[in-house]
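Single chain ahead, written as structure tokens, the form predicted on its own.
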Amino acid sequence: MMHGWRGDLLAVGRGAAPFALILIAWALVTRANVLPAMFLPPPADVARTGWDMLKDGSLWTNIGASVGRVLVSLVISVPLAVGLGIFVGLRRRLSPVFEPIAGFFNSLSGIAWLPLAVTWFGLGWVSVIFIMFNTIFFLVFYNTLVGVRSVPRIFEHAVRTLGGSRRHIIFQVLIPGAMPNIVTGIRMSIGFGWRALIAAEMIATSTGLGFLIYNASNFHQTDTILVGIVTIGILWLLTDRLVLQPIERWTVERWGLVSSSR
């Protein structure tokens, strides 16, 4: 048990070390007056601004708006993408047709849809959700499709030989076999979705971390800009390390691809 705790602490220390070095370098640069404070304020000033924004609630409001948009987009996009990915993947003649189409749209950044989204839907939540949907849906759909197609057909034949139905093939063969790809697609889509979200919020909304950064830039509030940037990074790290990585690890271990022993 002690060995496990020491290993966890060592891993945390290794992960925190690069950020500590960046923080030290940042403090040294600002202390040496290499750049004016308007361009790069000291870490203490940024921390003070962030604390003030937490106390007055403005930072929480923008965090809630951004996280809410991400959650709504995931709820809409992921079930639809997984369902369609499995449906198309089951059709061996149909999936080769849809795979290059999914790959094409998958290669497009969600930001590329921003001008069309604003033209079609105007400013507001609908435009942001549309951009997020395009970013998340095609990544998850493509990974699900590839995952289903990668399951050897011999497993399907074996289930049919044993008297299994189509439902057994889907829920006991295809979905478990494609699950690592599905979870990886979800993890990637959230990362790309955050980037698209921040860009969309800079133009299409009046709340959110993207708007916070954009609005602060209009008034040359570099400390507020850095608060927004650091907040985005922290939210992504927490989501990835505390939610997505454990789910991905459990999924891979669950289906016997790696050992769960330490």
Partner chain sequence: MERHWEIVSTWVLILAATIAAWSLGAATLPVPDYFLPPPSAVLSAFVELIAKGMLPIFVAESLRRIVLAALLGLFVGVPIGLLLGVSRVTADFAYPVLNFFQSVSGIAWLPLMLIWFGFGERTILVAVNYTVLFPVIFNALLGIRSVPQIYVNALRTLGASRWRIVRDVLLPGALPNIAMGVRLGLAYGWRALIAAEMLVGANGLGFMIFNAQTFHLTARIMLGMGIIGALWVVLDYFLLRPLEEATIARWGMVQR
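Nothing here was measured: the structure is a model prediction, and the numbers come from that model. Heads up, when I say rigid core I mean the largest set of C-alphas that superpose within 1.5 Å between the two forms. Residue numbers count along the first chain shown, from 1.
If you look for the form predicted in complex with the partner chain, you will not find it shown, but the lines that follow are about it.
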Taking the partner chain in the predicted bound form, would Leu108, Ala199 and Ile229 all count as contacting it (heavy atom within 4.5 Å)?
yes
Location of the partner chain contact in the predicted bound form, chosen stretch of 80-88, 117-125, 67-75, 165-173 [non-hydrogen atom, 4.5 Å]
117-125
Interface membership of Lys55, the partner chain in the predicted bound form, 4.5 Å heavy atom rule
no
Spell out, yes or no, whether the shortest heavy atom distance between Ser217 and the partner chain in the predicted bound form is within 4.5 Å.
yes
Contact of Ile22 with the partner chain in the predicted bound form (heavy atom, 4.5 Å):
yes
Would Pro246 sit within 4.5 Å of the partner chain in the predicted bound form, counting heavy atoms only?
no
Let me know which residues along 27-53 have a heavy atom within 4.5 Å of the partner chain in the predicted bound form, or say none if there are none.
Met38, Phe39, Leu40
For Leu238, is the C-alpha shift between this form and the one not shown 2 Å or more after core superposition?
no
